[in-house]
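One chain comes next, on its own, written as C-alpha cells: the form predicted alone.
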Amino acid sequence: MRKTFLTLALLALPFAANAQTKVAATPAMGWNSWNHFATHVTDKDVRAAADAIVASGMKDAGYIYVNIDDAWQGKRDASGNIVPNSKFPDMKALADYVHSKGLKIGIYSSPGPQTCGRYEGSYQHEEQDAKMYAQWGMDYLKYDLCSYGQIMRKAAPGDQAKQYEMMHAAYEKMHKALLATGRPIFFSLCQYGFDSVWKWGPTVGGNSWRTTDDIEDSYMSMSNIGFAQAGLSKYAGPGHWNDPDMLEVGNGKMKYNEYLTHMSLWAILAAPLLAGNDLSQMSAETKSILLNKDVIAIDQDPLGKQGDRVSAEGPFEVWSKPLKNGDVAVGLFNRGHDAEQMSLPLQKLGLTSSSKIHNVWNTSDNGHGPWMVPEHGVVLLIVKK
C-alpha cells in the first residue's frame, strides 16, 4: 500500500513541481515568531516584526516572510471555522498590514487535533482551514506533526510502515487543500525528519521540510543539527529545500563567532533563513550577521545547489557549495575549543592556487591562507575558479 501511494505521488510530481518552484525558487527568507516569543506572540509583535524588517534593511536584503508560529488559534465557531484567539483580534487586518509593507505573511497549524502548544489543530478541518488561510491572505503554512503522532500510533500500534503512510497522507491532504484555494502558499513540513522526509517531501507538495528536531540557542544544539546535514545535498533544489530549523542569531546565548558559524553553515546548506530573534531590539552586531550580502547571496544562489561536507579531520570540517558561474563557497569550520590554522584543500575542491578568494566575514583579507579559525568559528570564502 505504501509503495503504491509513493508511486502514484511520484507520477504526479512533475505536474506539482512547477507550482512548487514558483513559490520556492530559492530558500525562504523572513522571520518566525517561535524562537523568541514562543506561545506569547501577539498581533502587536507581528506588526513590529514587519516594521523592523522594512526599517532595518532586511526586506531589501530578501527577508520577505513574516511568520506567525504556534498559539494564535482560538476555538472553532459553530460552523467549524477556526477563529483566532484574543491576541489576534483581526487576522485579515494583520495580513493586510504585512502586505502593505511589501512583505508576505505565514501561519502555523498541525495535521493533528492539537498543535504542539495544545492549541487547535487542523485534523478533519483541512479544507476548511486552507480556505480560511487563503481568505485571510496567508502566503506560507508551517504544518507541525505534533499530536498527529498519537493518532498514527493509535491507528497502527507497532506498525511503523503504516504510521508513516498515514503521515505522508496527512501532509498530502493539506497540500491538496492549499492547492484547491488557488492561492500560492509556501508549504513548510515540520515533522522532524521522520522516515527520511527528504526522500518523500516533494511527493506531498513540500517546499521545505524539517530534517531535525527543534533547534535551541546554544552552540551544541546548532552545531549538532547543522553538521548532521552532511549527505543530504542531492535532495534539495528549486521548489524543495532541506530545513535544519530557524535561525537563533541575535537571541543572545551564543558567542559572536558561533553565530557566524550558524549563519555560514545555513547559507552553505541552502537552508531557509528565518530569523528567530526580536527584530525590534537588534544590536548592530546582529544586523551585521543577518544582513551580510555575501552570505545571503550564497544561500540564495540561483543555481539552487545545497552544499555538503568536503572533509572532516578531528574538530576541523571543510564544506563547499557550488555557485553560479562556477564559483564555489567554502566554509572552514573549527568545532574545537582552541583557535587553529586551517587551509583550503585545493585539490579536493578542484581549485588552484591562482583562484581569486573573497573572505565574506573579513573583506580586508583576500589572501590564500592559511587562516586562523577561532574556537567554534568559521572562515567563509567565495572562491572564483
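When you see a residue number, it is the position in the sequence shown, counting from 1. Nothing here was measured: the structure is a model prediction, and the numbers come from that model.
A second form of this protein, the form predicted together with a small molecule, is not displayed here; the remarks below concern that form.
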Notebook entry, point to check: Looking at 267, 94, 246, 197, which has any heavy atom no more than 4.5 Å from the small molecule in the model of the complex?
Noted result: 246
Notebook entry, point to check: Of 185, 167, 190, 98, which residue is found within 4.5 angstroms of the small molecule in the model of the complex when only non-hydrogen atoms are counted?
Noted result: 190
Next item on the list: Can you check 116-124, 158-166, 223-231, 295-303 and let me know which stretch has heavy atoms within 4.5 Å of the small molecule in the model of the complex?
Entry: 116-124
Checklist line | Residues 69, 142 and 210 all lining the small molecule in the model of the complex, heavy atom within 4.5 Å | finding: yes
Note to self: I'd like to check something about residue 108: if you look in the model of the complex, is any of its heavy atoms closer than or equal to 4.5 Å to a heavy atom of the small molecule?
What the structure shows: yes
Margin query: Can you work out whether residue 63 and the small molecule are in contact in the model of the complex, taking contact to mean some heavy atom pair no more than 4.5 Å apart?
Written below: no
Notebook entry, point to check: residue 333 near the small molecule in the model of the complex, any heavy atom under 4.5 Å?
Noted result: no
Checklist line | 4.5 Å heavy atom contact, residue 319 and the small molecule in the model of the complex | finding: no
